[in-house]
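Listed next as structure tokens: two forms of one protein chain, kept apart as structure 1 and structure 2.
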Structure 1
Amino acid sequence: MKRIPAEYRLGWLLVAPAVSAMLVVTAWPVLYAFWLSLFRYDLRFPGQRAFIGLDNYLSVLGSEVWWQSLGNTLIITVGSVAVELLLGFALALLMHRALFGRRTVRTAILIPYGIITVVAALAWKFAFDPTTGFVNALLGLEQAWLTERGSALFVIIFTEVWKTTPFMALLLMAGLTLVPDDLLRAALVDGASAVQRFFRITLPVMKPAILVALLFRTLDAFRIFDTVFVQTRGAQSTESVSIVGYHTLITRLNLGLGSAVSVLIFVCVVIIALLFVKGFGTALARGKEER
């Protein structure tokens, strides 16, 4: 079907306000941050502002702090997204299959997602605290969870999982509704077991939905700030890249160096998105061929 040029024009006219708004609120700050990152610029010493090219980037990339925080961020991202995917799938299947009280089940599962991250992070911080918390009493332990790297990372990941699994479950449940019932029934007639039906039919049909869910959560998890800030402030080597950016930009007022950190975080996010979109592309292409 060929579209008439006038139709295109109308289309562009209609999206023009949205596009210009996006350019102003998104593209401009990104470009400005990039511009700032090329300067030595500390808000406390505005007189010493000078163009230094890519020196800020060299300084950040040559720093132990950046690589360590990038490692921490990746651990938190991979750890939380993997667990969320598994748990989210279980919950999605539960919500999908629930025969009665469907609404109640769905609402109950969504509650953690409705809680503000800072509140959730504080609540779990207190829960894991050796003096005020219930976790040690429950498990019969004498552990100061947030004082060591391993256990502190565990608490952070746990909080993230607790908070965002419902989101994952919701997206996956939407994917589950895509799986046609007659396909599953036909497989049943052909003698496929429940496991076979899940891996051979449900999963392949759901692939695009899974990829969307993973992309959203990975991008979100990579930018983690509030949970770490509330629970450890980045101590015990749990610093995420966003915390490093915050320290440089907001606490030290070093606009040049801080902008370089922000731009690098942006680059990481773009790389993650590209990797996923590539995965997407193949999934979608195959979907078309099959059709």
Structure 2
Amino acid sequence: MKRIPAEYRLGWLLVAPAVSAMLVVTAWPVLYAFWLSLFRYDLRFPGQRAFIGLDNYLSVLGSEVWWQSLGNTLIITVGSVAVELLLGFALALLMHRALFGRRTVRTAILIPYGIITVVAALAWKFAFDPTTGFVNALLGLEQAWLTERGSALFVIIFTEVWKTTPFMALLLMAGLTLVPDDLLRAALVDGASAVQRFFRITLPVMKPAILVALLFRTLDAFRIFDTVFVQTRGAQSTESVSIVGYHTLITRLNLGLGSAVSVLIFVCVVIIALLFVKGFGTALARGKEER
């Protein structure tokens, strides 16, 4: 029988309290939501409650609304996270390499992340408004941004990027501190250009930090609710999966169908997390082999 290394046992002991607390807090709601999803349970007709098995899941997965909202969610997630990664890298390098006023630069960059999401969404909703906003005047356009699906999704993604890029930059800046300065100086002495040092040294060393940043932001972006609710409320076919769950549970008071939507969102989040964790483990293993 293969013996478990001591560092692995220590790691499990260290995370055991946090894992136990999370199981207590999250396991019961998830299990109860799954149980409710197996029933026809509409609060408007409580007398019609009945066990129907997986019929709610079949109804959700057979609905065009679910697949359209899932597509919207993926567009928002991929679009916002990709832009945030590029901008976050630029801001992280700026904060890390600032020669003067480093604290001021970091504080100024992190301000958007400190603003409440609802406030940020309202601010950009008014900014893109064709009558009261400044965006049309600045660009010389007469565009009603939130009345069409494409432009509305653009505004939502823009708001998410503006709000959460500082968070991505903060995580990436922490990853930049892992890059040894001596290694960069040695590469410079050997004649490596700035681009070569970035792609051959900085990026490989930062892989774990990049994957962690992408994991956090992807999970957060996939569960987007506030920005969509404030700016469009799901109109113009801009519903996210969380908005669909809200309308089903809160507006229509259908606990069975709404719980099925919630469980499916949870399953999607778990799949995304597992993919990133697997990628993180592979990157970490490669990093150890290279060392």
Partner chain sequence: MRRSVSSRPPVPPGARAALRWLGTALVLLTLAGCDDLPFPKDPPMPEVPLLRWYVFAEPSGAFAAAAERCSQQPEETFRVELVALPADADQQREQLVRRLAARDSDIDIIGMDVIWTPEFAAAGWILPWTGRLAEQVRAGRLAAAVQSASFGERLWAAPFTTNTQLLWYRTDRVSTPPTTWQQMLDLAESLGAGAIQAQGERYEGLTVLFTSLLASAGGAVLDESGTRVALPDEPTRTALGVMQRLASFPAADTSLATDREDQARLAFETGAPSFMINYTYVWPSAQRNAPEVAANMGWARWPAVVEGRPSRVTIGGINLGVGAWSRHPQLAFRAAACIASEDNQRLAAERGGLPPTIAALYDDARVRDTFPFADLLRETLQDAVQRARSPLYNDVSLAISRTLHPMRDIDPQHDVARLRAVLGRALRSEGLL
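Every value quoted in this text rests on a predicted model; they were computed, and no experiment measured them. Quick note, the numbers are simply positions in structure 1, starting from 1. Between two forms, the rigid core is defined as the largest C-alpha subset superposing within 1.5 Å.
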Margin query: Please identify the form predicted together with its partner chain: structure 1 or structure 2?
Written below: 1
Notebook entry, point to check: Comparing between the two structures on the rigid core: C-alpha of A273 shifted by 2 Å or more?
Noted result: no
Checklist line | Core-referenced Cα shift (Å), L13, between the two structures | finding: 9.8
